[in-house]
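Consider the single chain below, provided in structure tokens and representing the form predicted on its own.
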Amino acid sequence: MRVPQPYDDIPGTTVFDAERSRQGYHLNQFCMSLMKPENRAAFKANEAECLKAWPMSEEQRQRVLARDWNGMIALGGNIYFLAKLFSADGKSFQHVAAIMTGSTQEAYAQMMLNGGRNPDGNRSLSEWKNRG
């Protein structure tokens, strides 16, 4: 069970800390394995069967199969490792970031061209409340 951290209250943000790194180790190593063409081919041939070879949790496996990017991050996935998975699917960072934020790719791209999301309301809630 995860030990609560002071930074867990940042809306829409999952901090990749040491605990999440340990939790997601096998998930992230699986993603890294997709850098090899033979591993991508084996995964594409039978995703569920391929995932059985990795000692990740059943919940992590299900999130991979569902391509639940936010779910994988919550279970210790790191976006830079997950990039190997969405690249194997032929998807871009922009495409996946749009999905993760509940946006369309076009709206997400425009938001980024306009300077990114407004930080107001996207900071640590406890820090925000303590600003005098």
Partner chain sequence: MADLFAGLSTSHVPAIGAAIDLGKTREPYWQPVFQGYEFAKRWIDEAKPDVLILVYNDHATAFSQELIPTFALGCAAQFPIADEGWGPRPVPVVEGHPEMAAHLAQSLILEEFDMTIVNTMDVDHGLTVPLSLVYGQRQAWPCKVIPLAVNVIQYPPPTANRCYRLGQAIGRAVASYPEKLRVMVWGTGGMSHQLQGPRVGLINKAFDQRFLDLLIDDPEALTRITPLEFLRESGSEGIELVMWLIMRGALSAKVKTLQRFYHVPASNTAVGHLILECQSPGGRAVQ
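Only a predicted model underlies this, so the values are computations on that prediction, with no experimental measurement involved. Positions refer to the first chain, counted from 1.
Unshown form predicted in complex with the partner chain; subsequent notes refer to it.
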query: Contact check for F43, A53 and Q62 against the partner chain in the model of the complex, heavy atom at 4.5 Å; finding: no
query: Partner contact for M100 in the model of the complex: the partner chain, 4.5 angstroms, heavy atom; finding: yes
query: The partner chain contact at P6 in the model of the complex, heavy atom, 4.5 Å; finding: yes
query: Q105 within 4.5 Å of the partner chain in the model of the complex, heavy atoms; finding: no
query: Partner proximity in the model of the complex: N39 to the partner chain, non-hydrogen atom cutoff 4.5 Å; finding: no
query: Heavy atom within 4.5 Å of the partner chain in the model of the complex - qualifying residues of 90-114; finding: F93, Q94, A97, M100, T101, Y108, M111, M112, L113
